[in-house]
Structures are given as C-alpha cells and as structure tokens.
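Next comes just one chain, in structure tokens: the form predicted alone.
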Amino acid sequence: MSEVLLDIVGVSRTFSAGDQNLIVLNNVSLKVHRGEMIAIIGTSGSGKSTLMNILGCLDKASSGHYFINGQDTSKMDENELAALRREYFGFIFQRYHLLGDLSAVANVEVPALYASEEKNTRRARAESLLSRLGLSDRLDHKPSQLSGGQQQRVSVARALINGGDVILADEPTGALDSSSGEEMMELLQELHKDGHTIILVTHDPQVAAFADRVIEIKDGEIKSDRVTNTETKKTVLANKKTAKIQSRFDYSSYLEALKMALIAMSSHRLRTFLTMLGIIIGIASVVSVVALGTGSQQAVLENMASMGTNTIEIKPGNGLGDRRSGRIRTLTASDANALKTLPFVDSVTPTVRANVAIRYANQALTAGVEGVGTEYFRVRGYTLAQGQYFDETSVEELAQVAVIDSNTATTLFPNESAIGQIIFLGKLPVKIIGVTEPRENAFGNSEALNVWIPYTTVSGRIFRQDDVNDITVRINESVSSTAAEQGIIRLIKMRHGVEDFFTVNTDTIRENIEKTSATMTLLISTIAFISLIVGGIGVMNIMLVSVTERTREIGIRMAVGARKGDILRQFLIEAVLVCICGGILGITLAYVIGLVFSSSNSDFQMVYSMNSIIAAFACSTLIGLLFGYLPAQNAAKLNPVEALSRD
C-alpha cells in the first residue's frame, strides 16, 4: 500500500444554530493514500462537503486532528494553512468559481501568483495546461465567453498549476450536460493515471463508480468505506512536500496586486469615479486655496515693491495720529544727507508735500505735489517712460522743473507730448522734464495724479520753510531691516538730542501681510481638508460595500492559496490607488481652475506651490491607507468556506 498522504483522526465539526450546536461531522476518521481516486458519496446535508472543506484546509475541525504528510494542521495558523492549500491541493468546484474580470489564462495563473512564481514561467505553464485541455484558442477569453464545460476545464487547469498533488472535485459534473460530464470524468481519470490523488464529492453513484474507493457518509458519520477497483495505481508521486510559507519581500506580488486593482477599478468605472469624487474635490480645493492665497500674497507684495522695497520712513512726532506732529519741525534735509553716510543705506529722499492746485490752459486739477530729492525715484521704485529726472543741480538752484506720472500726462496732455510743457502749481510755473511709467499703487488709488519737483523748490518758492514732512530710506537688500532701523533711530536721535520722531518699517508691514495671508490660507485649507476627510470616509464606505460584493472572489482567492496578507494587500492597494488617482485628478482640476481664473482678467493669479501639491498628493495616499485598512482587514478576515458559499 502506498504512503498515507491525508490522515483524519476523530474529527468532529459543529456549527452554532441559535442556542444549539449542530453536529455536521461526528468523530470521523479517514486515511487517504497517495495516488488514490476516492469518491465521498452522500445525500444533501450528510456532511460530505464539510469533510471536503476540512480535507482541503478551507475549514477547521471543531475537535480531532488532521495530518497532511505527517503535518498536524490543528497547530497551524492561517498563513500555514494557505500554504498547504497552495502546495498540495487543487480545487474543482461545481460552480467553477472563476474570476469574472480575468481571462482564462489569468485565472489559471492565480495560484502560481500567490506562490510567488516568476511571471513568464507561470504564464507558459498556464498556457501549456489550457492547451493540453483543448483550450489553446480560448486563452484570452473571459469566463462569460466560455461554455460550462470550458469553464470547468479552466478550473481543472487552475487546480494543476501548482502541481495539484490532491485534486478535490466538488460535484464535478453537477453543472454540466451529460456529454461534458463524461469528458470531465475521463479527464479526472487521466489525472489519476498521472499519479494525482483524486477526491470526488458527489451524490451521484454513476460518478462514484469511476473511483477506486467509495466512502459513504450519512448524518456526519462514515457508514461504509469500500474498494471498488483492486488494481490501485502503482505509479504515484513519491515526493514528500513540506508546505512553504512565502515570507520574503516580493516586488512582483505587489505589481500583480496593482494590476488586479486596476482591473477591478476598470470593471466598475462609475463606482470607482464616485468613490474618487470626494478626494478629487478635496484635493482640488486644498491646492486651489493655497495657490489663491499665495497668488494674492504675491500680488500685494509686488504692489508694495512697486512703492519701494525694504524702506523705512522717518516722520516727526511720537507715532501715527500724533496731533502735535504738525508743530514739530526738527526733521530737515540735512538729516537725510547724514543718513546717506550709513553703510547699509541704498538711497535716501526727503519729502515736502504741497497742497496746491494744478493748472494748464483752461484745466484746473487737484493732484499730489511733492518736493523730493534726486534719489526719490529709486527709493520708491519708479521707472522713467519719457524725458529725464531732475539732478542735484536742479535741487541746489531751486529749479522750476517737474516729473509727472502717466496719469497726469494722460489727463493734461491726451493728444500731445507732456515733455517741455509748462504747468502752474498754484502760482508757480514749472516745466515738465520727465514722465514715469504707469503702475499700480498698493496703498492708494492707481488713478491718482502725481507731480514731483525738487524739495528745495517747494521749501524755497512755495512755503518758505526749512523742515521736511518726512524722510524715506531704502535699505540694502542684504541687510536686516530691523537692525538698519535701529541704526537710523540712533543717528537721528543723536542729531536731535531727543527722540522727536518715529519710524515706519515697510518690511514689518510685509511680514504682517505674509502672516495674515498665511493664516487665512491655513484656515481655508483646513476647511478644504475636511472635504478630504469626508472623501476618505466615502472611500471606506465604498470599499466596505466592495468587500461585500466581492466576497465570493475573496473566497476563491483563499481557496487557491491566497494568504490573509495577500487579500489585505490587494484591497489596500485598491483603496490607495483610488485615492492616488483621485489626487491626480484633483490636482489637474486645480490647474484647470487656475486657467479659468487667469482668463478672467483678475488683478492677481493663482500661484501653485510644489510643496502644497506634494502635500496634497501625500495626503490622498495617506487617506487611502487609513480609510482603506478597515475594509481590507475585513476582507482578509473572511472565512474561505463562508465566502465561497455566498453569491
């Protein structure tokens, strides 16, 4: 007699049925020798299918012991049992249990995939098995494109892909017509002759007649065990296996899981898109809000830069709103000249403001008239469009010359050049020698009219005063504006003997604007992030539904050798992939929003930050991991027998 391959000793299996326990198998003992062809026969509810599930490691006994090649399965965990299913058993199910999204050859490959076999090798063997079974022209056909007999042959090829020492056939002819059923039994006999151990589970005596040994089971107990063919097969598979548990990191298994995830997503496009929708909206909101905040901040700072970057203003009095500042006349042009000697100073200008009307021909306008120094235009960041600026000679000689802005030039001289024209500032005639380029003003009306003349001309010819309204200093970009401000305060205080002035640091204003903008962006981004969380919950809910819908698929994968980790990985990858794709589409949507925004002629544009895009992308991936883990874990915890029994 050949070697004992499967040995069941005193096995019982009970199920809870309300307050009672239902005994399905009662103290069953059975030995299966290598190379036998056995039929387990019995009526419906006799316990034969439960016995097959225990033999195939799909189910566990409530009591007793089950040995496979001397290995006690009662002491094994789920991964070790999965390894036994993968290494020893091949299942031929009555309802075929093929994966509908995969082709015939891909269905056959699944057990070898979970055995971490190299792709080309398993593909070649799968094609060879299908060709041997007469399906060489059906390799790429999906189950829905195959007849019942062809689907059963695919199931046989899948059972053989990892060797299939033991073929477990559950009602192998039950779903076939008589002709296909005879072909299936002939095929099983061929496999038996090749040395495979065949265990048939059937209620049909005609099918049982093909076996060498018939075991009748009734009410959970073996009633008879008889040999029908004394010429048992002598040629058997003599190798003695030890189930291998794959524990090393295998990149190919992750690639295959990714491929299966893409197939699953492609098969349910609408559901996949609806699952992504929350992530798409959330990511697009976060990226767009950050881009909008950055763009608005940049626009404000650019407007500030147009007034002169990194500047410090020195004004008389104790601060803004000081009513006594008008009576303090200690700030003079000599203070400005002294400030020029400081090493960190780029340029300086005193300013004297005159409140006078501007007249040209029959036009009378109200404009801002300022007496300034020659470095004023550098301090404030103006550029020249026509003519020239006045020079130091003009300042020394109290020259009656003026530089005007583009608004003033357009208003007074709409059809002629402003250069060389004479205008009156009150009663003082001045000649226009320059026109500045147009620009936006961050702190005033961009349509304001401005006229600049030498500050000495205002002081000597209009007001007859020696003091100035304020002094503006532009600091070198490489110097800390705070340190420069302290240096300026020390110098002026030393010159005046008292601190009868105050400073306004535009860099502080810039910092406050940046902080305010960042705070608003963070606030709105937090609100947008909530939509990401809602999207993540949506992913979890849909994935939980997906697990319920695909319970049978999970059972099939477990039956052919998938470990819990394999199932967990597949569903987790699907959840992460859904969120990653949603993230990509969300970022794309954010860019589309930016294009629409830029075409709306807004004063500022959306400025996209690579950091925010990377953070949003990472966030979508993390949401996939967090909210996909529970559904994936639920899938991995399913019992193979219960999963296979669901429709």
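Numbering starts at 1 and follows the sequence shown. Predicted model only: the values in this text are computed from it and were never measured.
Another form exists, predicted together with a small molecule; not displayed. Remarks below refer to it.
Inset, instruction - May I ask whether 400, 428 and 459 each come within 4.5 Å of the small molecule in the predicted bound form, counting any non-hydrogen atom? - result: Not a single listed residue reaches the small molecule in the predicted bound form, so no.
Inset, instruction - Flag residue 44 as yes or no: does it have a non-hydrogen atom within 4.5 angstroms of any non-hydrogen atom of the small molecule in the predicted bound form? - result: Heavy-atom contact with the small molecule at 4.5 Å: present for residue 44.
Inset, instruction - Look up in the predicted bound form whether residue 9 has a non-hydrogen atom within 4.5 angstroms of the small molecule, and give yes or no. - result: No, residue 9 is distant from the partner.
Inset, instruction - Classify residue 625 as contacting or not contacting the small molecule in the predicted bound form by the rule of any non-hydrogen atom within 4.5 angstroms, answering yes or no. - result: Flag for residue 625 set to no.
Inset, instruction - Would you check, heavy atoms only and a 4.5 Å threshold, whether residue 612 touches the small molecule in the predicted bound form? - result: Output for residue 612 is no: heavy atoms all beyond 4.5 Å of the small molecule.
Inset, instruction - Mind telling me which stretch in 615-623, 578-586, 591-599, 22-30 gets its heavy atoms within 4.5 Å of the small molecule in the predicted bound form? - result: Of the stretches listed, the one contacting the partner is 22-30.
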